[in-house]
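Just the one chain here, the form predicted alone, laid out as structure tokens.
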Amino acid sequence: MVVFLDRASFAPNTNSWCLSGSMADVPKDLLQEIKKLEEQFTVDTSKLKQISDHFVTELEKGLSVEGGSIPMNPTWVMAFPDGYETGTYLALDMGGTNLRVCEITLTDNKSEFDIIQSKYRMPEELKTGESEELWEYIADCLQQFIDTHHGDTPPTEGGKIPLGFTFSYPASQNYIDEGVLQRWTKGFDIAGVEGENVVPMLEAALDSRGVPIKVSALINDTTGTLIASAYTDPRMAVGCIFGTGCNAAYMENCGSIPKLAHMNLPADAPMAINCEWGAFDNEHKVLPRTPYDIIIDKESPRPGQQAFEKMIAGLYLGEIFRLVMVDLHDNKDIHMFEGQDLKQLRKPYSLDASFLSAIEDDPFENLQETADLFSDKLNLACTRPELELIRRTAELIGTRAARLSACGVAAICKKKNMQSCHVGADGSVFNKYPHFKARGAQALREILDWPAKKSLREEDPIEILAAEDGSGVGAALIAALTLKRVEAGNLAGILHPENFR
């Protein structure tokens, strides 16, 4: 039996596929596999609502004295910018793929800045190497930046240039100028760093090389995204990252943070919270995991951790897809890639999110670009029905990621009773993955029961928008806000006030 499929009839936001038209002949056995995948990867409205409600509970648990799976780390960023911050600051961004060094000048014009930056590749071997090697490499990059852009300029009066260090890994902070790594994520697994303050480690490497820099503030990229976005848009209330990893930050009232009660901070004082929500549902209570998600978790460096992240982050989307393809070949009677060598496809993490992006972006009815992709990267020739199955699998994985991502945004908005606001989002998946924004917006509409739009131009009550540069400009702004706070006499959460004077 043959059924005809027309891609134009697929609505990317609804998980529905109309079996009509005349685009390709798909045999019945392949159609059955597509149906099974749809059942496994589709997240309907009621499930989205259930996940979001449980998410709210887990956010609150993280703020409690006892804590929970989601760390909900106070960041000691205690104000939004007003757009009039000024000064020149260095920022170091240690992400999952690149190291970026920036010099940011906040100008006298409201909400304007100038930036000079250099990027350095993070060598893969450093991610599982020795601690000293990592910090020495970072110190070398900073030295190179200083030599290039400040070769003839002496350090500041105190002898050292202040640096905002964007450290995008779960870290607990009793002070804004320290950070104790809770656990490595994004493929890092370096011994001797977890449970330790990373600031002295970097400063020791800088001092041993005579690099004239002091770490004034340690921030998470997500907190930086929140602050940088609020600098240019006062309606920004949440910052999110949907990239190699995933995370969110928002401003909480100190009176709603029981684990900070001993600090006797004013109940209405704001405190930016770095959620580290990749750890949501580590107990596996609500997330609809497939057999492929279970394999990813079991074979990851940290099984049982980052359950949410492993279903939505860029690091894992390509691997989920790869596992589906290998399973279809090995364990099904559909003769997928029949008679061909799957050597390339069998390499774990050989496909990243950009591979799925390219499949979903293929504009041709015959999926020629997808065929070329499989041929060039995996040395596999695909039949036309196989290409249809490949396309649908990519759509299902990408759609699920976007819809689950919306649950976290909805949970923060529900917890804070925010009816209308802007959410600043950054990261490669949000910025580059086809339909991610539209699918996320649709899921948010379903979770929060918004009425239908009167016109296409009408804004959603909560809009997820492209964020400003959190790890660079955000780090500079946080250094500026902390300086402002020290000058006003508020030293809460500052270990070395002398670094701000």
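Sequential numbering from 1, following the sequence displayed. This structure is a prediction, so every number in the text was calculated from the model and none was measured.
Quick note: we don't show the form predicted together with a small molecule, though the next part is all about it.
Taking the partner from elsewhere, residue 246 is found to have a heavy atom lying within 4.5 Å of the small molecule in the predicted complex. The small molecule in the predicted complex is approached by residue 309, whose closest heavy atom lies within 4.5 angstroms of it. Mapping the unseen interface onto this chain, residue 241 counts among the residues with a heavy atom inside 4.5 Å of the small molecule in the predicted complex. Residue contact check for residue 74: none of its heavy atoms lie within 4.5 Å of the small molecule in the predicted complex. Of the candidates 170, 398, 408, 314, 170 is the one whose heavy atoms come within 4.5 Å of the small molecule in the predicted complex; the others do not. None of 214, 100, 186, 322 but one reaches within 4.5 angstroms of the small molecule in the predicted complex through a heavy atom, and that residue is 186. The stretch among 352 to 360, 221 to 229, 332 to 340, 262 to 270 whose residues place heavy atoms within 4.5 Å of the small molecule in the predicted complex is 221 to 229.
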